[in-house]
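The chain below stands alone, shown as structure tokens; this is the form predicted alone.
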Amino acid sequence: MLHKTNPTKTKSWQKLLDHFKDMNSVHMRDFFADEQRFKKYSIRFEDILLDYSKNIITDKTKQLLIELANECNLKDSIDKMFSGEKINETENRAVLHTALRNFKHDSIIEDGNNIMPKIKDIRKKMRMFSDAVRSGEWRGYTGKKIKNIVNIGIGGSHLGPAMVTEALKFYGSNDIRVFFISNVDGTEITEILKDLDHEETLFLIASKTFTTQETMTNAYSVREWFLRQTRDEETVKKHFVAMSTNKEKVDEFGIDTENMFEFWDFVGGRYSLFSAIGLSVALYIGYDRFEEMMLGASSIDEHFKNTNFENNIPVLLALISIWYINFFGAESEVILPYDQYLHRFPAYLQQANMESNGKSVDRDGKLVDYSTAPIIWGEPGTNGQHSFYQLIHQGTKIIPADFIVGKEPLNKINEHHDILLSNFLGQTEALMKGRTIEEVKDSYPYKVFKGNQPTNSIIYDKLTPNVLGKLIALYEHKIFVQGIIWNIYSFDQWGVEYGKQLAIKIQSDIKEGKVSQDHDCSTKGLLKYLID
């Protein structure tokens, strides 16, 4: 069981409130009179560098934030997660997504059982299947090689694989295209299917229970489309596989249960990328590279678990974020990858953060009186510079930003990467320094902006599967740390369930062409308008 500590009642929180009064009037440009600031406030871990010097922090800030982590029993909570305790208490589940990418320990215990043998079995099955499809050993019902992979899922069964296949497109097969169907809006399924040859297409259905409404609606529509062309239900076995735990439903669909890839309750949907949910990734980039990504994430797991908080990258990212959210009143954080391959990374982190920590009830069942998850958003640089950066520079809000870039490009074209890097550096410097009245005398006040906008810079040597795994794990653990300190449960998502329940009832109304009287007047009015 996790400790239940209201952070606002700790001594360190009160000290941070007092410290904030002093820090609220400083400008970080003054900190840079210290030529050693970058050295003091940056960390290198393998091929990743974090520079957090452009933040409104001092040694005292850092010390007090670490005291807060200690008062909230963070180290004990980290140990409990990795040891398989059921820290997802509202669902009575362990939280062991880290076990999926574990290659160091032969035994990880969950509910009295060593789970590593079954994890290794699924890894082996994924390797054999992806190798067979990529080599042409596995073929469609007419003998044609598979050229199209269509992943049908939603939430974590969609956002993770979709992000990764974009991020690692450089390493993808030239002979295989990957598509993702998630939205129940028929437009997405129509646009994807219209250009596909059914004889060359493999469909992956990702639903733990095989009952997820959006996923199964899309899956059955795809099955219907497929059978209109083959007119033989046996052909389903060569073109559909499942990532699920429900053998009965999978068999009922027509999928050979030998082609069902299992995953488990100790892995939440938004943390399931390294499970069988990543099958589309393994098919696209090859299992060896999928494993490289797991090894990258695993190296961060070890760093997070074993490194003191003063030099622990996920812990520091989380604490700095808490500093702005809970003391400066920041409401959002922006993720700015200066790498087009990472253009879906902000959306992936949006779900990971906001679904995990978007909670207003603490672990004691009480309403919190402090901010929890920020709004996460972002776009790739340099595109964002020509759309929303203006608000960050001269708007009225404090918006902490993470700038992410590769030291070397994967695609070397003329001076493109030099220009990209110069913008990456120029924007963080401008956000820190601002422009004073003296610097813009000719056009005061319109060219003045205060600066003092916080940024973290994360630089990796080159975007590889291993590096991407590290980035994913860094943010996963940042989110976990924040949930612990905010005294909330990060691994459930009860908030989305109620709307789903009402949707099922309303769907019945639409189908029957009636308006139930137990809706509110707005819903009744809208429903009547839609069905008339």
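When you see a residue number, it is the position in the sequence shown, counting from 1. None of these values were measured; they are calculated from a predicted model.
The form predicted together with a small molecule is left out here; the points below concern that form.
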property	result
Non-hydrogen atom contact H27 with the small molecule in the predicted bound form at 4.5 angstroms	no
Contact flag, Q493 vs the small molecule in the predicted bound form, heavy atom cut 4.5 Å	yes
S207 within 4.5 Å of the small molecule in the predicted bound form, heavy atoms	yes
The small molecule contact in the predicted bound form: T212, any heavy atom under 4.5 Å	yes
Option touching the small molecule, based on a heavy atom within 4.5 Å in the predicted bound form, out of S77, N357, Q351, T428	Q351
Listed residue (K40, K500, K60, R44) with a non-hydrogen atom within 4.5 angstroms of the small molecule in the predicted bound form	K500
Location of the small molecule contact in the predicted bound form, chosen stretch of 231-239, 179-187, 361-369, 266-274 [non-hydrogen atom, 4.5 Å]	266-274
